[in-house]
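A single chain, nothing else alongside it, follows as structure tokens in the form predicted alone.
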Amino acid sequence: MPQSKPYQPSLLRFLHGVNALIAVLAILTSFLVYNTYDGRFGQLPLPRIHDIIGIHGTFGKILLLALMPAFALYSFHVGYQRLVQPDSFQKLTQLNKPIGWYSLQRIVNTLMLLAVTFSLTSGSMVKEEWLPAGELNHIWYYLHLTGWVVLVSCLALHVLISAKIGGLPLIVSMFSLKYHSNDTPRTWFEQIRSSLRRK
């Protein structure tokens, strides 16, 4: 009997997809900023892009001011079951069972939200003129670099654990454009209202 395809709520897919796209662009441009102006921990022979700092900052501001707050609100209300639960750390000892991997995924999901928030907060404190002037030792720049490393690590774990839990069908389901008749964009507001009433 063929396994049924997993289904993800359309609002989750929309918020997750848009945030993931802008976050990946922010991560890539942040590496280009580092590669262009720093490179002390390793560097690639890539061409310089004019105003790469400004481009990276634009993606960061879009995440900080618009996308991330909406995704965080969704995650902590409608999608709270996908985040760390009171017994998540206790169930980490059961990695030989599905619940252990689900618990690990919830922890990593929560860490990703925290890492994005940390990266956006520290990045907003970094001045655009520091790196072109060779000022690489500001504490906010070091904190932003640290946030980038943690975020990339969490992203890799997020993808790997999702693949472990649900394989390719689960990953594909996050990018599917199909939705159920009771899960159209018109129902998003009511979904949010219902989740707030349950709290």
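Note that residue numbering begins at 1 and tracks the sequence as displayed. Given the structure is predicted, the values throughout are model-derived calculations rather than measurements.
Heads up, the form predicted together with protoporphyrin IX containing FE (HEM) isn't pictured, but that's what we're talking about next.
The shortest heavy atom separation between residue 91 and protoporphyrin IX containing FE (HEM) in the model of the complex exceeds 4.5 Å. Within 4.5 Å of any heavy atom of protoporphyrin IX containing FE (HEM) in the model of the complex lies no heavy atom of residue 87. At the 4.5 Å threshold, heavy atoms of residue 164 stay clear of protoporphyrin IX containing FE (HEM) in the model of the complex, well away from it.
Residue contact check for residue 105: one or more of its heavy atoms lie within 4.5 Å of protoporphyrin IX containing FE (HEM) in the model of the complex. Using a 4.5 Å cut-off on any heavy atom, the residues of 167-193 that reach protoporphyrin IX containing FE (HEM) in the model of the complex are, in sequence order, 170, 171, 174, 175.
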